[in-house]
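What follows is one chain in structure tokens, specifically the form predicted alone.
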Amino acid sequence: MTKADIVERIYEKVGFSKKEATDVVESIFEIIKAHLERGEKIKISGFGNFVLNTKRPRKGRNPQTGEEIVISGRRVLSFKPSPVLKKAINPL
């Protein structure tokens, strides 16, 4: 599913114009992005959590030359689905 698909579904279900549906989707994504940039956790009840984890710098190796390099630290985004979403995906 793409962003355009989400806009189309909102257009069909809610009755917004396509421009309004696009603005809603863009606004939601901008809000989520801004909170994640600040390092905040995003919890969407019944859907799941978006969590930022920090990885420390570590030693690695260039596979072509075998030369040791340092892989810089970075933040990694992970998603943990809620039990409601898990149940919907994997019904008993």
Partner chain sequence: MTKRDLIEEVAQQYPRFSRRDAEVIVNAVFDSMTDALAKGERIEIRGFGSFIVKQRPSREGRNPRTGTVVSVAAKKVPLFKVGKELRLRVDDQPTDAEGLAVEDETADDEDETEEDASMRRGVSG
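Keep in mind the model is a prediction, meaning the values are calculated, not measured. Residue numbers count along the first chain shown, from 1.
There is another form of the same protein, the form predicted in complex with the partner chain; it is not shown, and what comes next is about it.
The partner chain is not drawn, but in the predicted complex it has a heavy atom within 4.5 Å of Arg9. At a distance threshold of 4.5 angstroms between non-hydrogen atoms, Lys18 is out of contact with the partner chain in the predicted complex.
When the partner chain is considered in the predicted complex, Glu67 lies well away from it, no heavy atom lying within 4.5 Å. Contacts between 1-40 and the partner chain, taken as any heavy atom within 4.5 Å in the predicted complex, involve Met1, Thr2, Lys3, Ile6, Arg9, Ile10, Lys13, Val14, Phe16, Glu20, Asp23, Val24, Val25, Ser27, Ile28, Phe29, Glu30, Ile31, Ile32, Lys33, Ala34, His35, Leu36, Glu37, Glu40.
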